[in-house]
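Before any questions on how it binds or moves, here is one chain, the form predicted on its own, in structure tokens.
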Amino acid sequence: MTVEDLTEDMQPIAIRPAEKADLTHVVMLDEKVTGIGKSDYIFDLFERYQTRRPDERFFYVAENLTPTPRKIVGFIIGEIRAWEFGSEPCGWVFAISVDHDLRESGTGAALLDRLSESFRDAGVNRLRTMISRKNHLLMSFFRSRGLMAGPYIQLEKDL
């Protein structure tokens, strides 16, 4: 899937399944955005989400098409989960990240649209995610894409 320029400054991007060769770039992007290095976690996700149950688990990257060399500028990871907490099958987004320089360029929307398409193709008609109440940027992004509070309440306690 190729996305046309959405702003004058943005170069075209391609949304495609992640490949093992992308992981170093995904790790660097994730650390740049979150400030937390989690290489082992991301490599494990790739193993689980790109090689096992590929009809239910999805790991996509956004790659700029110009200039050369191409560069990973975003990624999204999600899966179809069923029957947890009494929920019928639905698609869950649990990781999305876009390079700071490309925020508000449509890259995140393109990633979410591609994942949503994969969920629909698998017969799922509901999308869910969970975010920190303090993450106003991500909250704004998901709300701008039509997500709103759902029927479940997260509960937790310190151990």
Partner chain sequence: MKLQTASRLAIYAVLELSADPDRQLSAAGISEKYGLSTHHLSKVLHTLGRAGLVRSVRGAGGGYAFVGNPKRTTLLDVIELFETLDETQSATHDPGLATDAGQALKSVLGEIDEMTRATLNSITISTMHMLMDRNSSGFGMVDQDQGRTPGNG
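Numbering follows the first chain given and starts at 1. All of these numbers come straight from a predicted model, not from anything done at the bench.
Note that the form predicted together with the partner chain isn't included here; everything after this is about it.
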* To do: Would you mind picking the one in R53, K32, R120, K134 that has a heavy atom within 4.5 Å of the partner chain in the model of the complex?
  => K134
* To do: Indicate whether the partner chain has at least one heavy atom within 4.5 Å of a heavy atom of D44 in the model of the complex.
  => no
* Consider M139 of the chain shown here, and say whether it contacts the partner chain in the model of the complex, taking contact as heavy atoms within 4.5 Å. => yes
* At the 4.5 Å heavy atom threshold, is R143 in contact with the partner chain in the model of the complex? -> yes
* Asked: For D101, is any heavy atom within 4.5 Å of the partner chain in the model of the complex, or not?
  -> no
* To do: Would you point out which of 86-94, 32-40, 57-65, 108-116 contains residues with a non-hydrogen atom within 4.5 Å of the partner chain in the model of the complex?
  => 86-94
* Asked: Three residues, P17, A21 and K71; all within 4.5 Å of the partner chain in the model of the complex via heavy atoms?
  -> no
